[in-house]
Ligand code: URA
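Consider the single chain below, provided in structure tokens and representing the form predicted alone.
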């Protein structure tokens, strides 16, 4: 019997904002997601396979950075007309789950600077509120890779982008990277920030009555950091 090549939960790309990009939906990628979705997967395997996906996401995000012509000389004495990245980048993780994506970024981008943002729900207003941020001083001149593994309603991600814009980062210089996204959150997020690009590994069916991503994979932070 031939292997199935159609993903089980991926939303049709035509129904999504044009600024959303997914990883190639291969059988290998779906196998990786099947492992990390399984509630019986050990913490060690969850770490290993989610890290594999994170690295793929970081690699894909770099394809969306602008480049300029660059000429180098090879060891054979021949010049090569290539390209180089146009500007500097940095990562910003939305705590705490976003920290899990920092290692994958560092593996791909040597000596990259990384900032952190902590956003939690305000008990009085029920809205996302900034509790802590530490960002590179020159962040306004960099391309920012915003890291958070899950995009559900989009509230925390939108607050994080607002904080970056307050620091002078243009919307079009931000690339948001996540493993799993809900269509509702994507439309809300991209509707507010249409010039910002989103790189996601998988788009799930939607949100349940508690605003949990379905089928999802549970609490990413808990599965990463708790035995």
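This one's a predicted model, so the numbers in the text were calculated from it and none came from an experiment. Residue numbers count along the first chain shown, from 1.
There is another form of this protein, the form predicted in complex with the named molecule, and it is not shown here; the text below is about that form.
Per the 4.5 Å heavy atom criterion, the named molecule in the model of the complex is contacted by stretch 150 to 158, the sole one of 130 to 138, 150 to 158, 110 to 118, 78 to 86. Contact check for residue 203: every heavy atom lies farther than 4.5 Å from the named molecule in the model of the complex. Proximity of residue 211 to the named molecule in the model of the complex falls within the 4.5 Å heavy atom cutoff.
Put simply, residue 218 is close to the named molecule in the model of the complex: some heavy atom of it is within 4.5 Å.
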